Every structure is written in structure tokens, then in C-alpha cells.
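Okay, so here's just one chain, in C-alpha cells, the form predicted alone.
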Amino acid sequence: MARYELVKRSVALITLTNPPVNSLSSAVRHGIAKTMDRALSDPKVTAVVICGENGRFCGGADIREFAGPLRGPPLLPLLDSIEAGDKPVVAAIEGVALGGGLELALVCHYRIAHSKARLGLPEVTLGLLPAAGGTQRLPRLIGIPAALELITTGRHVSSQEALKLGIVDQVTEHNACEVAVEFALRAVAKPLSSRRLSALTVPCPPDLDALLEAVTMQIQKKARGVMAPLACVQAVRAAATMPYSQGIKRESELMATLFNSGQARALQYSFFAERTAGKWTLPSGAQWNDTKPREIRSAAVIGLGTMGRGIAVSLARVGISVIAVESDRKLMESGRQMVIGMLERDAKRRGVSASLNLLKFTLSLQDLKDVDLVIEAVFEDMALKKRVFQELSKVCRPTTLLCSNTSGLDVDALAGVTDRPQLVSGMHFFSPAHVMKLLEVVCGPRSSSETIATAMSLGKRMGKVSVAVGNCPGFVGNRMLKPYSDQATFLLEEGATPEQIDKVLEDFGFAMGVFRMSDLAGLDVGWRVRKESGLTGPDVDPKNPPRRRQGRKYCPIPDMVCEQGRFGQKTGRGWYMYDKPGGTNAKPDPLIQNLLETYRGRYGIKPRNITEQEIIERCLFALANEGFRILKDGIAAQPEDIDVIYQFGYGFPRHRGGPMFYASMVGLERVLERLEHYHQAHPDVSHLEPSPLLKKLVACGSPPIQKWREHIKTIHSHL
């Protein structure tokens, strides 16, 4: 899978041929070895150019091969032999040179890149490090600070930045392969000793230890508990302090530690899960690859609150004309200024022109008669949303798609008030909508496959990770969030503190624990939902609120906090106290501790010591348990969908794989046993009762997560 031809009578052109990105599979490695031997042994050949077919140099290793035994020639010795050859080798980089692809380019003596190419070493995002000499050669080429940043983050760079850093020798607007051939002919007479990176000395800064320590501390703060970035630092340290032969040995040792780690398995699972989530199927049999989405040229957004503004920005910046509707002129003008400001800042950051000509702001729904799609983003009130959808049915063309940005209301109830229920779906964006990558596309029982395909395609166009989910209260993400947050508040009753619970969850890998996150989102949001659902309100005794409501155990502590006007960061007080309203520096508040002590005393609850293990198990096993119920109910088609939703929408640590993958890593038998233990201790908490699907999977021998779908038998799928 490496094509060989002689060009210009003396240049061996080796073309990698493994679509779509010419990954370094065993066959490709074998092809490179065979063609390089041929080129180096042929007296007619004076130079070699390596390129990739179809405008892509090389996307790196074939990740699918990681699960099995190594076949074909190992990459590192192969690359060393290319670098050691006595004929100049030039890499012609078009499209991408990522991971092993960039390591291949680094052993070439020269590198020519097309102006639109991207380069990087993203192995760290898969729980690994560049183990074919990348951590040893790159520091020798561009220095320790720049190499550290690229290797520990996995960031891709443009060809222009690569030229500035010194990774490539030339950037061209023309065909990189043709330019590389001409470059190779000129390089024939030049010595190669200074072009072999492994033979160079690493340019070492005088404050190396301080630099490495600072990077380590930054990683520990930003990627708490993640192994791979720290291993990358150690590998780069070896490059700076050891000869190449010893440094490469250290690189291999660190890679061996990472390769079979749970984190690497989780990150690689996450890589494939994100791609799997886009492959949806409906009960009718219609699926992602045989349903053509509509092309969306124009869209409307109803409501210019936080969500509506973010959705409008997301649409406009990908070239879709947007009509934004607000009911009040003052709110419309305020929203207009904010949307324009957001687009201008975004355009400046990306170095492009702001798409302000695509925006129109109006007070009238009548202006929406010709749009292709509408996204309603008004207040989360069913009666209000129904009125909007009834009006849209009268105003819009019969073929216009109507979507609701609801976080948990019944999409089919909204469809029922329209004249086109088959063209209605949910598009649940996450706040802020122009930043957060997750989009839940909610399939109502009457949503057509074309409607779902269009919503999924539009989400992808906007840069979102789109996941198709069924229609039920809370859909997937928010439905699962309730038992997770309920367990956290029950633990408060029993003796824990907000800061203790948050620390355990943050040490696990969450960017924020449940109570810090509540303060950020606003405690009044959940309070309003509980009021609307009848769980709390004026008929509840404020002095001795009941701890059982609607047939279930209930913890009134969050309501009591809200009744004191403590709504989180925006009021300067919530579960924590802040320096001022809008502040972000959370500090433990003695008044919360007093509230908890008073509450426990009132109900005769003797506080006990809560361990880290119990916090993790009760919060995360309850979360996964609801995920099993969602799979059983057909609200999500596969565990990968749930894990993608929780990674991109709720900050579940990627190196843990998601709640369902985490449960599989812990062991389904262990999860079942602990849930049974906690349910026995708390029989009035229904979400601790193990899901029938979890029991079934354990009875079937706890199959790997990729096999769960074979055991999920849904009578009425909601997808």
C-alpha cells in the first residue's frame, strides 16, 4: 500500500495509498519498508519523495490495530532506517500529517507543506504519547518549550505556524508533491548529517527544571488525574537530558505503561464513540446513511435569551441566514447588540470577517414565512411553546421544519398542535450554545427520518456533536442528571458537605462538582422546575418540609437554600459564598454548614462519616443505573450515545470514557452488588434499585460494552 514510481529520471516517488487518511497500517508500513529499500538500493535514484494519495499525507497510526497483536514491521525501526539513509528524503505534506504521520515526516530530511495542511501529534488525546521518536525528534527540531506545548496538548498547527516554528522547510500554494520533487533534486549534493534530527543536540533552556515543573503543575490543574500529558513531559525531559538512544528507550518505557492503561482504553473508546453516535437508526429502519438531509439556507430563532443568542451565532457563523425574533423591542435591541458582539469577537479570534449581513432582527413571526427551519428557544414553559408552535404552523411554509430547543419537555405534545407533526423535532443545545459542542436531537414518535437527518446534519455543520435521542422527560442527559444530583443532596443529609462532595467528584476528573456547577447554572433554575412539577411551593410547610413527595424520598435542602435568596454565583451566595455577585471564587460558607446542622437536628439525623468511595459509588453508579434504564426504554440506542452526551454536555471526564464505559471498567458485577447494597440501606430511593438491563447483562457474563446492544431488546423504541 505504498506505490513506487521514478520521476524526473532520478527521484523515487513513494505514495501512501490507504484511504481515507493513509494511516500507517501494517500493510502501509510493509509497503514503505519495501519501497524505501528499493529506492536506496537503486543506483539511478538520487533522492526520494514521500507523499500521500488523494491530497492527504498521513493521518497516523491505524487505531483499530491497537486491539490486536502487532503485525508488519514496527514503526520506530522503520523510521530510523529512513533517517539513516544516504539519499535525501523529502516529505510532501498535503492535507494532514498527524501522529505517526508527522513522525514519518520528521525522519525525512526535508519537509514541504501545502498552505492548507495541518500538522500535530495528537496521541495524548488517545491516552498515549508519540512513541515513534516524536518526543525525541521534535524537541531537537523546535526546542523544548514549543515541543512541550504541542506534545502535551495534541494541538494541530497550520502549515504557516509549522513554518514559523521550524517544523517544515517550505510552504507552498502549489502541488506539494511537485514542489518537493524539485526541492529533492536541488538537495542531492547537500550533506545530510545536519538534517538527521536524532543526531542533533536538544537546544536546552537554562531554566529547564523550572520550565518542566511549571508545565507539570499546569497539566495537573487543567487535566486532573490524566496520565498521558505527564508521561509526555517525562519523555521530553529524557530528550533534553539523555542521548537519543537512551531517550528513545525511555519513550518506549513510558508508552508501554500507557498503552494498556484503563485511561488509554477509555480515550480510544471515546474517539470511536463520537463517530458511532452519528450513525442513528429509527424503528422504521431508516438510518443515517440512507436518508438524505435537506439543505438549510435560512433559519429562524425564536427568543433572544441566552440560548437563542448562542444558537443565532452558531447558525450565522457557518453561513446560514438567520432571522431572530423577540416579542419586546427593548429585549430585541439588547439581543441584537449581544449577538453582533459575539459574532465580531468570534470572527476576530478566527481571523475572518463577521457574518453580520446574514442577520435580521424582528418583532413579528410573520417575517418567517420563507425560512427553511425554525428553532424555538423561548422560556421553558409548555403553554408558551405550544402557542409559538401553533402560530408557526399558520405563518411558515408547509415544508418548514419546526424544532424546539427544550431541555426536557414533550416534543410530541408540541408536534401535536402543528399541521406538520412529521416535521417537528427537538434540538436541545447546551449553554452557551455557541461554545458547547453537544446537541441532543430529539426524535418524536411522529418525526420523519428526513427531519432527523436534517437536524443531525445541521448540528454537524454548526460544529456540534449531534446525538439522536428519544422523547421522554429530560431526554437522556437531564433524565440521568436527576439521580446523580439527588444522591449528592441525600449525602448532605447524612453528613457530607458540598465542598467534600465536590472535591471527590473533581478529583475523579469533573471540571466542577455538582454543587459548584449548580451555583454556576443558578439554583433558581432547578427550584422553578420543582415548583412547576408540584414538588415544592406554598403548600409545603417551610419549617418542617416533608421528606417524601409524590411517593418518593425527597430532600428539601436545595429548596431551603433558594428560599434564603441564595441562587449561586449571580447573587454571590449559593452552596458557596463568593466575593461579590457574579464572582467565581467559591469559598465554603459557614451559613450552609449551620443550615445542614439545623436540618439534621430537626429530623433527628445523626451525621456520619461519608467516605470518598461512597460518594463516587452513590453518585456515579446511580448515574449509570439510569443510563441502563434509558437503554432498556429505547431512549438511547447504544451506550456510546449516552457516554458522548455526558462527555460533551456534562463534563464527564473523557479519560473515564463516560458513565456507561466507566461502569464496564469497574465491572458490571461490582456495580450491581454496590447498587443492591445501597438500595438495601435506602429502600425508599427508587433510582438505587438496579436496572433490569444491568441485571440481565451480569447474568449474561458481563459482555464488553460493544456487545451490549445485542442484549438490549426494546419493544417500543423511542428512536
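Values in this document were obtained by computation on a predicted structure and should not be read as measured data. Position 1 is the first residue in the sequence shown; the rest follow in order.
The form predicted together with (S)-3-Hydroxyhexanoyl-CoA (3H9) exists for this protein as well; it is not shown, and the discussion that follows is about that form.
**Q** Looking at L304, L98, L267, L492 here, can you tell me which has any non-hydrogen atom within 4.5 angstroms of (S)-3-Hydroxyhexanoyl-CoA (3H9) in the model of the complex?
**A** Contact with (S)-3-Hydroxyhexanoyl-CoA (3H9) in the model of the complex is made by L98 alone.
**Q** Between the options V28, V48, A61, V671, which residue brings a heavy atom to within 4.5 Å of (S)-3-Hydroxyhexanoyl-CoA (3H9) in the model of the complex?
**A** Looking at the other structure, the residue within range turns out to be A61.
**Q** Find out whether any non-hydrogen atom of V698 is located within 4.5 angstroms of (S)-3-Hydroxyhexanoyl-CoA (3H9) in the model of the complex, and reply yes or no.
**A** V698: no, not in contact with (S)-3-Hydroxyhexanoyl-CoA (3H9) in the model of the complex.
**Q** Is R118 part of the interface with (S)-3-Hydroxyhexanoyl-CoA (3H9) in the model of the complex - any heavy atom within 4.5 Å?
**A** Yes, R118 lies within 4.5 Å of (S)-3-Hydroxyhexanoyl-CoA (3H9) in the model of the complex.
**Q** Give a yes or no for R275: in the model of the complex, does one of its heavy atoms lie within 4.5 Å of a heavy atom belonging to (S)-3-Hydroxyhexanoyl-CoA (3H9)?
**A** Residue-level check for R275: yes, a contact with (S)-3-Hydroxyhexanoyl-CoA (3H9).
**Q** Is there a heavy atom of G627 no more than 4.5 Å from a heavy atom of (S)-3-Hydroxyhexanoyl-CoA (3H9) in the model of the complex?
**A** Outside the cut-off, so no.
**Q** Using a 4.5 Å heavy atom cut-off, which of 35-43, 659-667, 686-694, 53-61 contacts (S)-3-Hydroxyhexanoyl-CoA (3H9) in the model of the complex?
**A** Answer to the contact question: 53-61.
**Q** With the partner left out here, which residues of 123-140 have a non-hydrogen atom within 4.5 Å of (S)-3-Hydroxyhexanoyl-CoA (3H9) in the model of the complex?
**A** Contacts from 123-140: E123, L126, L129, P130, A131, A132.
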